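Take a look at this one chain, the form predicted alone, written out in structure tokens.
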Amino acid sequence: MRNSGLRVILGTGGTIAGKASRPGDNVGYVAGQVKVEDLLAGVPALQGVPMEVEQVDQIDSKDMHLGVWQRLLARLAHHLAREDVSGVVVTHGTDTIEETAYLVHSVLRPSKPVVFTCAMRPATALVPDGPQNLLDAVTVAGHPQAQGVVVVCAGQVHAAEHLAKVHSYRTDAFDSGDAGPLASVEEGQLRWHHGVEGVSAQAPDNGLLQRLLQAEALPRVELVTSHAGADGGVVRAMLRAGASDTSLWPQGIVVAATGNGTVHRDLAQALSEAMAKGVRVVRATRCARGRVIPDPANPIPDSAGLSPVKARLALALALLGP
């Protein structure tokens, strides 16, 4: 484990910083109430670890928006550029952690570890899970082999590309699908299952970072689902609304398709009409596991293995342009 080097802890709120009016309440709490320095003070094992703490925001992650992402990206870029910083930990809510982690992975592509962590129980729970997750995250951020954007929860280390929240209540709410977790944290030690080769290494795109930081809004990319009886009415309604108000015009649409990217024929017709009007359309699968296998004959391109919510972000970033 990397014992030297400063670790920066950035707080954004979430359940890990939540408070309830009674200790036994793991549902009726308010997220984003406890300062990140107070969370750290509640983990005695972190005493003596060289750390800097910064509160970026205090938000329930279900309400995540571009402004928070911009502040977080700016602070991450600043700290990662410092020679004395070995890694960064970000505390975040579970609802959209997979989206934020994927965004940071796509934009910053850091060689140093950026470790997101979270909790499924508030800080006031009888047995909160946040302190152990936070300790594990700081451990990963200091490991000499750690790199890139990962998420640490319930003793598992997940790559940002593969992570998905798969349970609404359990403390082990995350899964990496067919890829599986990168590693496990066991009594302060990392046991690698795949190693760091499971984290894509790419050169950073500084131009994309600047375009995102300067954007007033992300390009409008909507998410629709293919299901029994899907008639394409939602897509056509968006096109009609955009015809009279250009701010409502979708620049892209991601369809959460059935199975291996199959789309109800009536919805497919509406998506073809959207594509004819210049709207970018991408197919992902609504299945919890697996991916859309590329089919060159299908006029709607696949999501390259991304889940619907991550495909939406990837398309929005692509639409920001060079």
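Because the structure is a prediction, the values reported are computed rather than measured. Numbers for residues come from their place in the sequence shown, where the first is 1.
Omitted here: the form predicted together with a small molecule. The next part is about that form.
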Original post:
Looking in the predicted bound form, any heavy atom of residue 156 within 4.5 Å of the small molecule?
Top reply: no
Original post:
For residue 94, is any heavy atom within 4.5 Å of the small molecule in the predicted bound form, or not?
Top reply: yes
Subject >> 4.5 Å heavy atom contact, residue 62 and the small molecule in the predicted bound form >> reply: yes
Original post:
With the cut-off set at 4.5 Å between non-hydrogen atoms, does residue 108 touch the small molecule in the predicted bound form?
Top reply: no
Subject >> Heavy atom contact within 4.5 Å of the small molecule in the predicted bound form, the stretch among 39-47, 53-61, 287-295, 256-264 >> reply: 53-61
Original post:
Just one of 268, 279, 31, 68 has a heavy atom within 4.5 Å of the small molecule in the predicted bound form. Which one?
Top reply: 31
Original post:
the small molecule isn't shown here, but in the predicted bound form which of 190, 239, 230, 120 has a heavy atom within 4.5 Å of it?
Top reply: 120
